[in-house]
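Subsequent text provides structure tokens for two forms of one protein chain, presented individually as structure 1 and structure 2.
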Structure 1
């Protein structure tokens, strides 16, 4: 059996000055699995993603991403793991405004030599791979060298998806990436995202409060069910 994409045991987390927000004894996301994580606003979904991504250090407990320990004491290590193994998609404003969409897609390669060398080992040129992903996600050639801010929100989300997938990271985490999209755009984006994650073998942790989307994933989980802390409610 391959290593799980995410393995959490006995996690405890509280923001400074607040009561425990998260208390998760056991949580697993298998490699290449897609999971829908539902939770009310303020229930700590984004906080959990920040912990998994290694941006926020956990208080106690253990988080592993693709077998790598997100050690609270080793910030640089967590940053390196994230750079190499994670793709992140936000709800909005995913793009660095002064970079073109193409440069935005290539951004992770600036911070992760591993990710760049993975592409090279697979015999891929970063630019071609970026173009391929953008193409697959329905963003063809023109407009990719223009300002990122000129793109529609739906286009921006797809650029963000291409960036998350570039260099085949083992895990993509998405924090309500569809909540700013209209119904049709949302559906199209979702199928593209799930299909591409599947195609590249990346596990997908998709967070939303819109439970109607749950059916499109391998599995769905309620944060309240796995979280024993009564935190902010």
Structure 2
């Protein structure tokens, strides 16, 4: 049996001075599975993604990503796992504003030799793969030589997606990445994102409050169903 992309047991998390925001007894995402995680604004979706990605340490419980324990006491280890194994599409994209789109896409390779090695092992040139991802996501050379801040919101979102996918990470997590897109652009982006994850064998955890998107994924889960925390969220 393959190692799950995500395995969570007995997770508890609260911000200082606040009641539990998340209390998840068990949650799993299988390798190469695509999952739609729904929840209302303020329900803890982004916080959960931050915990899975190792950006925020859990208060109690265990989170494993691709078989690696995201140890709350070892921030540097969590950072290394995120850099080598995860592709993260942040809600606000988190592009480096003074870098070009191509430079932003290639940025993960500076922090993770493993990502570059996976490309080489697959016979792929990093620059060519970065161009290919930008091309399939609809940025076929237009504006690739200017600062990312000069791009439209939709273009910045696609650059963030290409950056997350470069280097064949085993897990891609996306935090409301389509919230600023119109209907047609959103549908095209989702099709490309899921196709690229399937092609590389990456698991995909997609978080949104828009439940109309759920049918595009292998499985959907409501955060309120797995989250046992009570009170205001």
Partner chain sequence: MRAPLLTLAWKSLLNRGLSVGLTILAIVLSVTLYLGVEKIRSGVRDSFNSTISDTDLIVGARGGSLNLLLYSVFRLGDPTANMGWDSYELVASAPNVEWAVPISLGDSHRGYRVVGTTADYFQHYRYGRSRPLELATGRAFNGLHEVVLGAEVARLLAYQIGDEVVLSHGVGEVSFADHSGHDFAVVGVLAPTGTPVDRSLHVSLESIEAIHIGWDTGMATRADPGEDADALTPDSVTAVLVGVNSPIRVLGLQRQINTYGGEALTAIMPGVALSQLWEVIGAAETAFTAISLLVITVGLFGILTALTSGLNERRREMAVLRATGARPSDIFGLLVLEASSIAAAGAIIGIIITQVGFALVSGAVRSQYGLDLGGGFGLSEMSVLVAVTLAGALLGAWPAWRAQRNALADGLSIRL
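Positions refer to the first chain, counted from 1. Computed from a prediction, not measured in an experiment: that's the story for all the values here. Throughout, rigid core stands for the largest set of C-alpha atoms superposing within 1.5 Å between the two forms.
Asks: Any idea which of the pair is the form predicted together with its partner chain?
Replies: Of the two, structure 1 is the form predicted together with its partner chain.
Asks: Would you tell me if residue 123 moves between structures 1 and 2 by 2 Å or more at its C-alpha, with the rigid core held superposed?
Replies: The answer is yes; the displacement is at least 2 Å.
Asks: So with the core overlaid, does the Cα of residue 99 end up 2 Å or more away between structures 1 and 2?
Replies: No, the C-alpha position differs by under 2 Å between structures 1 and 2.
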